[in-house]
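Just one chain is shown here, as structure tokens, and it is the form predicted alone.
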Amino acid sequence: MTTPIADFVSEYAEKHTVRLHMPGHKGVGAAERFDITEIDGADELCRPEGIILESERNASALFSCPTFYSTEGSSHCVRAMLYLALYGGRGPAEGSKKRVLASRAVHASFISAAALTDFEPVFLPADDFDGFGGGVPTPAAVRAALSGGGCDAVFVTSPDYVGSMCDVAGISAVCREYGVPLLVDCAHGAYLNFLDPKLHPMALGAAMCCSSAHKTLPVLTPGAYLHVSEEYAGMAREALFMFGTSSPSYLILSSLDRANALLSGDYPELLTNCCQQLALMRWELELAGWSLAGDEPLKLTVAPLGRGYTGDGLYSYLASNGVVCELHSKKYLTMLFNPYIGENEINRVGRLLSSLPAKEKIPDDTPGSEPVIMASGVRETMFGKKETVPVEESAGRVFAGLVTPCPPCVPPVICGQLLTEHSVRLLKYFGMRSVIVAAR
């Protein structure tokens, strides 16, 4: 498979020309020499006709659907696909307020999209949502919610941050039955397209999804994809440009481009082998008494409280042995693997965990979920008058913030939500000392 962007950038870097164009570093430096702007021949991401268009077509062939690049992560793509699903050049119905049925473990970008495009989020019941994951939607729950009518799209996160996956194929079938598009935040699952059978949302019937290439594929941060069905392809680039920059990074574009060649080679075979190794390690850890969360093939989330450890403690233990993990909290430790880690390192992680003896169980004091009671709309709250108060004094107020603990960047409470004493406990659990609320 061709790599037209990477080839162009490399050839330009070797010419040692006088760069009377952006960026300001003028190509001085190891990485900087490959960092260019939209000079002749470099094409334009917002309206590609040359090397970028060729590269995106290569990616589209790999994913078997129209695929568009983002150099601003899946957050960029979440906003774009929600705009596409709700408006997409059609405009709103007269006097109507758009409504999106969503799983509770949404990324903060879903909330900012609600503010920017003025839709009302309607959250599915999520009794087991704990601020990191959980609340995995089922086809039955989506059917029950859609049977009342009034929703314009369904939005789910799969996989979530701790690795829980939902039945995308089943939910897609329900959405088709009710005539609404299914949008999937698959930021953590770009690699799912290269399994056999494919588990990527677009292969399972989703109307659109985003995938963060940088999270699980050999791509620079924050390279990402917006995948759409043919129905939305005509307006997809316009939607991305509405929420994105006019100065994309060619370092990231080159990285996305080079990934096409890797993914079309022996990567699927390497991926299959890696997933098999991880499945064996999961079995061995569970046999040794460890509790695991989630079912995503490349992610390992340990829930260690029952064995007498915290995720924070395990993180420090592994870090002291040269292993640095993705997410750690009292309740979880999450690790992201891929074929480049290697069998020896995967086995080393398994040995490090297996060598720890069981201790006295630590109670799980996670406050857990509560129904989302919206006191006002996301948009009006986000753009309204605000003030900051100590978290202890926030019960009875309307939450008006967006910034959340990251990772996982899943809002513990939603902008516009009425804060309760339970909300206060949840916010304090996540280390928040003050909160932004709607001004009185």
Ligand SMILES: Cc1ncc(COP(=O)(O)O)c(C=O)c1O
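Quick caveat, the model's predicted, so the values are computed rather than measured. Note that residue numbering follows the sequence shown and begins at 1.
Keep in mind the form predicted in complex with the named molecule is missing from the figure; the text below concerns it.
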{"item": "Site check G73, T157 and A187: each within 4.5 Å of the named molecule in the model of the complex by heavy atom", "value": "yes"}
{"item": "Heavy atom of Y191 within 4.5 Å of the named molecule in the model of the complex", "value": "no"}
{"item": "is_contact(Y161, the named molecule) in the model of the complex, heavy atom dist at most 4.5 Å", "value": "yes"}
{"item": "Interface membership of S103, the named molecule in the model of the complex, 4.5 Å heavy atom rule", "value": "no"}
{"item": "Contact label in the model of the complex: H214 to the named molecule, heavy atom within 4.5 Å", "value": "yes"}
{"item": "Options 246-254, 206-214, 165-173, 304-312; stretch whose heavy atom lies within 4.5 Å of the named molecule in the model of the complex", "value": "206-214"}
{"item": "Selected contact from G401, G27, P412, P408, since only one has a non-hydrogen atom within 4.5 angstroms of the named molecule in the model of the complex", "value": "P408"}
